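Take a look at this single chain, the form predicted on its own, given in structure tokens.
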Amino acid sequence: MIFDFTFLPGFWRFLLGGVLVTLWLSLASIGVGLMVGLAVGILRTYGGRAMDAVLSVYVDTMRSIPLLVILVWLFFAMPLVTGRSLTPLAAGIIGLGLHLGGFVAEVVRAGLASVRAGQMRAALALGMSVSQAIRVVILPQALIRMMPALGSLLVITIKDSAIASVIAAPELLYKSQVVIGKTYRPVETFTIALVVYFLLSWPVARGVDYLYRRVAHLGAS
């Protein structure tokens, strides 16, 4: 088979727009997921049994339901329940962010639990409050230990942004399908999308790995 990319000059701006939307969708959902996951992980670890029980429902729900189902429900079903609809991009950010948050919460909880309990007791003995001890003593060490797992979740989220194409979010895969419908060049178009997704994900994976190797000793206790 001979690859023919002669169609690309006429569509590269259109596809570039999809790449930019993919970047925004990924970054925004990562921001939502990290904030939600960090808060839930801390509250599950230090908020008591009742808080742990309540928040575990969210975590188990996000880890049990496929991301595709979450996105479809937010975009198609939620307007029927609430009477308010979301744009495809907003639904994608919320769905990806909440889904990521469930996994981040477990990584955070495991990271916090890996820090020896004696460090919390020592911080409290020095006059710190529980929140100060978490922020100043426990969390910095735990975050370093979480980095490999969090790096993997970030890469997965970038790749999963392609699923938002099913709700017509104008990201790279969706726009690639539009181009295929006009050019009838699926192999070449999907190859371009494949390479772009790799170029977006690979630096994140390598960057997190490099940073972790540089600071891993700071998380030892």
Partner chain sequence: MTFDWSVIVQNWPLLLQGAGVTIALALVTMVIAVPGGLLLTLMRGSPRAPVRGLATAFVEFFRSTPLMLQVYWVFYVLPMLTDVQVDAFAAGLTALACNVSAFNSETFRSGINSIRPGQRQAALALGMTGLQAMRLIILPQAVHRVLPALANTWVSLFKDTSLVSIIAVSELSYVGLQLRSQTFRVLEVLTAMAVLYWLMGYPQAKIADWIHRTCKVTE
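All of these numbers come straight from a predicted model, not from anything done at the bench. Positions refer to the first chain, counted from 1.
Beyond what is shown, the protein has a form predicted in complex with its partner chain; the following relates to that form.
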Heavy atom of each of 24, 50 and 114 within 4.5 Å of its partner chain in the predicted complex: no
Contact residue in the predicted complex, chosen from 39, 178, 162, 28 - any heavy atom within 4.5 Å of its partner chain: 162
Interface membership of residue 69, its partner chain in the predicted complex, 4.5 Å heavy atom rule: yes
is_contact(residue 182, its partner chain) in the predicted complex, heavy atom dist at most 4.5 Å: no
Contact label in the predicted complex: residue 210 to its partner chain, heavy atom within 4.5 Å: no
Contact label in the predicted complex: residue 12 to its partner chain, heavy atom within 4.5 Å: no
Residues of stretch 120-144 in contact with its partner chain in the predicted complex (4.5 Å, non-hydrogen atom): none
